[in-house]
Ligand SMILES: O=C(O)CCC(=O)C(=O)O
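The chain below stands alone, shown as structure tokens; this is the form predicted on its own.
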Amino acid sequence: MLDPATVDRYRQQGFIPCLDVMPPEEALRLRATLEAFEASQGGHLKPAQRSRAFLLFPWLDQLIRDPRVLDPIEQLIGPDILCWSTIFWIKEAGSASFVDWHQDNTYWGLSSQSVITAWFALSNASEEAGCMSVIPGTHLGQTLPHEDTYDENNMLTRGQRITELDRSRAVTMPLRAGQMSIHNYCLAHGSGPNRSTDRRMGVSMHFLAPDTRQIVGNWDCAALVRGQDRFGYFVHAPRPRRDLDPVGVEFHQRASDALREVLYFGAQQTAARL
């Protein structure tokens, strides 16, 4: 549980750098499960499998509902919680892949300013391995200007990056396997390349209160992971019974198509409404 001082700092700074979720050994078993699946199809996730994979894998569906993940989220956004998406972030050892500085609210197409990302480490995410960094307080005030670079090493869909930013204020958030960080999705954040000798593996889980609307995109789904949904703005996602369950795959495809529409065409519309 979060103490009142930590909650207050989150409100002011927009992030919580490190929380223990589970022992490293438990997290490494989840990593092994994911890598076994990767090995079954040639050694890597397919691009479409990176996003909304809680619809595909029971172990990830369980993680987004784990009380050790949700208890601090509830303290920040209330007892009724939807998981809007999950995204795998995997940087191979020695990879040049990076995530440039950006704010997710500029292109996710959501009505709320209180959406939360919990970034869970499946492997150690050190500074050398390219852990996440944030700029405190940038979740408050106006959204910063962005541009699309389409940099081949930028892991974001369009190579988004903030054009004007004081990076001297950056705070790094290294994690060991089994820990997670939390940040407001309006917070400026990014991560560098992996210069370590191990894969940097993590999954971001994106949580919101049910009064949040999808203001860009014609259809979307979300998983009700705690409490009640009194608003019904999202179709409730099914729970997978086994890896690549046919029902989950169908929902995953529909959700991925809707998310692609948001990411490609929603940025300017979203920014105009914020």
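Note that this is a predicted model, so its numbers are computed, not measured. Residue indices: 1-based, along the sequence shown.
From this point on, the text means the form predicted together with the named molecule, which you will not see here.
| said: Is Trp119 part of the interface with the named molecule in the predicted bound form - any heavy atom within 4.5 Å? | reply: The answer is yes: Trp119 has a heavy atom within 4.5 Å of the named molecule.
| message | Just checking whether Glu74 would be counted as a contact of the named molecule in the predicted bound form - the rule being heavy atoms within 4.5 angstroms. | response | No, Glu74 sits far enough from the named molecule in the predicted bound form that none of its heavy atoms falls within 4.5 Å.
| query | Using heavy atoms and a 4.5 Å limit, would one call Thr143 a contact residue for the named molecule in the predicted bound form? | reply | Contact with the named molecule, no.
| said: Can you work out whether His183 and the named molecule are in contact in the predicted bound form, taking contact to mean some heavy atom pair no more than 4.5 Å apart? | reply: Judged by the heavy-atom cut-off of 4.5 Å, His183 is in contact with the named molecule in the predicted bound form.
| query | With the named molecule left out of view, which of Ser123, Gln179, Thr138, Ser191 would have a heavy atom within 4.5 Å of it in the predicted bound form? | reply | Of Ser123, Gln179, Thr138, Ser191, the residue with a heavy atom within 4.5 Å of the named molecule in the predicted bound form is Ser191.
| Listed residue that, although the named molecule is not shown, lies within 4.5 Å of it in the predicted bound form (heavy atoms), from Val115, Leu175, Ile81, Met132 | If I apply the 4.5 Å criterion carefully, the residue I get is Met132.
| query | So which bits of 54-93 sit within 4.5 Å of the named molecule in the predicted bound form, heavy atoms only? | reply | Trp89, Lys91 sit within 4.5 Å of the partner.
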